[in-house]
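Taking the form predicted on its own, here's one chain by itself in structure tokens.
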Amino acid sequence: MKRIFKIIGMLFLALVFIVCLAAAYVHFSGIPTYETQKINLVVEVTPERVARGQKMATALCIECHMGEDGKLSGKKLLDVPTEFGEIYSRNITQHPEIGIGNWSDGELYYLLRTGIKKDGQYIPPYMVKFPNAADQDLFDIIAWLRSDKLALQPSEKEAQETKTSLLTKFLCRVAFKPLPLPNKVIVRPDTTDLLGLGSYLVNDIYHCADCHSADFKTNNEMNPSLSVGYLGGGNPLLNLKGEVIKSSNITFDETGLASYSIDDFKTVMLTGKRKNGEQLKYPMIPYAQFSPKELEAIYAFLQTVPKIKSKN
């Protein structure tokens, strides 16, 4: 009997050793790098493109990348759960060395689609990616990045290096992966198709499910509707004080948006004020850039999403 216990003990120690060895390998090898693909692309920068690109960037880029110098020079992301590490957004000004001034349009397009930088480094899901966005919308974002907007002019401020956690490094090997390039041109949805437009805005452009589903770790970047607890909220986010703020249920369950009329919905999205008069809590912010039609489309689509009863 003692011999059996001794063998079990030795097997357990061997297992612990293997796990520790694997953890050490993941930790020191870091996030995997990947081969890049050359994309021949030159985006025409027009006022119309820049305006459309800035509209999307206001919701998707500026909040995370705005530095203390008033430019998109990067900063510490205080609202990212600490389990993912100490995360810093990058300098995306037009500085030729510290920023993206020497990136080609094709390299920017490839990053926005796949999450792979021009040096092969993969950026985990704390940077939004656009695998299903229309080509023209990505061209608009690139045109905005190339524009003469003050926030994009070269900044000498070099962002601190992100300190990714062991969990993030592990997930980047088993769950968080680069996204594929589309094998065909993706076009914008027909604006007369209210549900199609709403689905596109919610899932493919503004990525509402990223925060409003159950957990970042179980989100599906390629097909957001397959995320656990899709749009049912409960994802533990952080406010600027480091306090946990769980995301809201935005399905039309009674614990979500069931009592919200279209006017109530427009008000909360545009001003940040709930129908009970309370102000939205950070990291949710108002989105004054949405047009009435876009909000109507989002509202119509959310009504079709399977209801989830919130446990928050």
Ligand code: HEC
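We number the residues from 1 along the sequence you see. Note that the structure is a prediction, hence the values are computed from the model and not measured.
The following text describes the form predicted in complex with the ligand, which does not appear among the structures shown.
Here the chain stands by itself, but in the predicted bound form one stretch of 217-225, 95-103, 181-189, 167-175, 95-103, has heavy atoms within 4.5 Å of the ligand. The three marked residues, 77, 111 and 283, each reach the ligand in the predicted bound form, with a heavy atom inside 4.5 Å. Note on the partner interface in the predicted bound form: the residue among 134, 151, 208, 194 having a heavy atom within 4.5 angstroms of the ligand is 208.
Note on the partner interface in the predicted bound form: the residue among 147, 162, 73, 199 having a heavy atom within 4.5 angstroms of the ligand is 162. In the predicted bound form, residue 84 stays away from the ligand, with no heavy atom inside 4.5 Å. Taking the partner from the other structure, the ligand in the predicted bound form has a heavy atom within 4.5 Å of a heavy atom of residue 247. Contact check for residue 143: no non-hydrogen atom falls within 4.5 Å of the ligand in the predicted bound form. Under a 4.5 angstroms non-hydrogen atom cutoff, the ligand in the predicted bound form has residue 130 among its neighbouring residues. Residues of 49-87 that come within 4.5 Å of the ligand in the predicted bound form, judged by any heavy atom, are 60, 61, 64, 65, 77, 87 in sequence order.
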